[in-house]
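Quick heads-up: it's one chain on its own, the form predicted alone, in structure tokens.
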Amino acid sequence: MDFGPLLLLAILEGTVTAAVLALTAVGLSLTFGIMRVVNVAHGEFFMLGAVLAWFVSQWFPDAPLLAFLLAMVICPLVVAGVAVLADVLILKRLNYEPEATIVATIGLLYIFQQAALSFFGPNARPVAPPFNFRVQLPWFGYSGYKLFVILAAGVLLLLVWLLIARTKIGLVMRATQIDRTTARAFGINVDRVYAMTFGIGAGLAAIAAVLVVPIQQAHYLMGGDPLLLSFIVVILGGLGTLRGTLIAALLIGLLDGLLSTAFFFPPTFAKIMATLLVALVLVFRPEGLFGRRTA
């Protein structure tokens, strides 16, 4: 294959990766930015979304579109509910102390992994895509479902932006992010905001998993890469900035697509390059590419 078709394929594959990564990373960015909680279990919320999507697909094996639509509703709600319970029962009792919450979320990581291993099993399992058709491009046909993933992620990210920037809920979340003590003084229920934020972050990771699991496969250990890449994106883009998170996700996704597809490097090479890029950003611009400098 000539380089032109390879480049187009790499850009498309990288954009799919970026779309899923952006959803996952925005969920982590909200938790990190508003709650100041380093959620080490964020990748396991992604994994739970994928595993639950497989269970839902088994209810309607002959109707993949119906199963997919149900999974898009059920899985984020269930995972968000689990996250809210974890916040109320564990993180709140720790008063959101940074060191304590890191240890607690590491514990949650292993609990979720073992629960998935017990109920789901050790084997990776496929989920049928809701539809199968190919879009004819100049050099080749491309999966219509993958193009749908890009579109769906874009719509969901737009809804998240509207929630944060244009609603009262978003205003309360932003006020809590700036100063939770002052927010309490003005009558804002900070504990409720934190629980809601933790649930939204986990729900976004679950939605990303539901979108990607027909492309990959559900597995109880699949949360590691989304967690690592989400942290890279949040650090690279800047803490608490939605624009920075989206641009960083696109950058990492395209880097992965180009190196893996166009230049035939192993997948781990893109992660190595992304980690080196983060190291450079931390040295020369610790607040991230789009973060605000603190006085």
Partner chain sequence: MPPFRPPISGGRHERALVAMGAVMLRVSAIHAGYGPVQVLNGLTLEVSEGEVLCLMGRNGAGKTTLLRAIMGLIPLTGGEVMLDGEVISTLPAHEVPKRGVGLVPQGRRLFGDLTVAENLEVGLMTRGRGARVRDHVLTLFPRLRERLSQVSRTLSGGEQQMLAIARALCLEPKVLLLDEPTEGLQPSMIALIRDTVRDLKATGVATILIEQRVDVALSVADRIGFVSAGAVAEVAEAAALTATAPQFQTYVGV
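Numbering follows the first chain given and starts at 1. Please read these numbers as outputs of a predicted model, since none were measured by experiment.
There is also a form predicted together with its partner chain; it is not shown, and the following applies to it.
- Only one of 187 to 195, 131 to 139, 95 to 103, 153 to 161 lies within 4.5 Å of its partner chain in the predicted complex by heavy atoms, and it is 187 to 195.
- Just one of Ile215, Val88, Val78, Ala183 comes within 4.5 Å of its partner chain in the predicted complex, counting any heavy atom, and that one is Ala183.
- Of the listed positions (Leu221, Ile111, Leu171, Val73), a single one reaches within 4.5 angstroms of its partner chain by any non-hydrogen atom in the predicted complex, namely Leu171.
- Mapping the unseen interface onto this chain, Ala115 falls outside it, with no heavy atom inside 4.5 Å of its partner chain in the predicted complex.
- For Ala175, a non-hydrogen atom is located within 4.5 Å of its partner chain in the predicted complex, even though that partner is not displayed.
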